[in-house]
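Just one chain follows, in the form predicted on its own, and it is written as structure tokens.
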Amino acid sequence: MPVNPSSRPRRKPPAQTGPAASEQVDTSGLGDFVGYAIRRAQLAVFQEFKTWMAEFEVTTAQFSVLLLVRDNPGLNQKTLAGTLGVETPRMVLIVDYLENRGLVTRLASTVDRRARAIFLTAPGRKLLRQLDRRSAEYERRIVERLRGDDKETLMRMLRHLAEPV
């Protein structure tokens, strides 16, 4: 026999636990973890990149794809995905977007007929030249925020972290 919803006892809403979104959260327990610091830095750097590139409507992932395709004409989506560490379906969406904007084109691969080789178009090369100039300014700003000028040391240390163990 079906239960009449109005005859069910009413549940109390769960008590609010933890700080509200507007409150400060004590992160001191995480503060000394390298991984946490790197992740927080990544989020800040990506947010600033988004602001710097807003007029071009290009995300960090799209910019990375454009650079890789420029430097490696004919790559396929699977190789791009593996190189950037993203899932292939997400890479399909990125390449679709770039292709719809007329920045890249996919052609039948001469190596594997099942694969599509990706190339920059003339508008893609033009945009990438603008992005190169803007990203150089952006990189200079990020290095300034490090309060030091030893970018090479930082990059070497980050590359060591990225190497497989």
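Residue numbers here begin at 1 and follow the sequence given. Everything numeric in this text was worked out from a predicted model, so none of it was measured.
The form predicted in complex with the DNA exists for this protein as well; it is not shown, and the discussion that follows is about that form.
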| query | Where does the DNA sit in the predicted bound form: which of 107-115, 25-33, 124-132, 63-71, heavy atoms within 4.5 Å? | reply | 107-115
| field | Partner contact for P89 in the predicted bound form: the DNA, 4.5 angstroms, heavy atom | value | yes
| task | Decide whether Q47 counts as a contact residue for the DNA in the predicted bound form under a heavy atom distance cut-off of 4.5 Å. | result | yes
| Is R39 close enough to touch the DNA in the predicted bound form, meaning at least one heavy atom pair within 4.5 Å? | yes
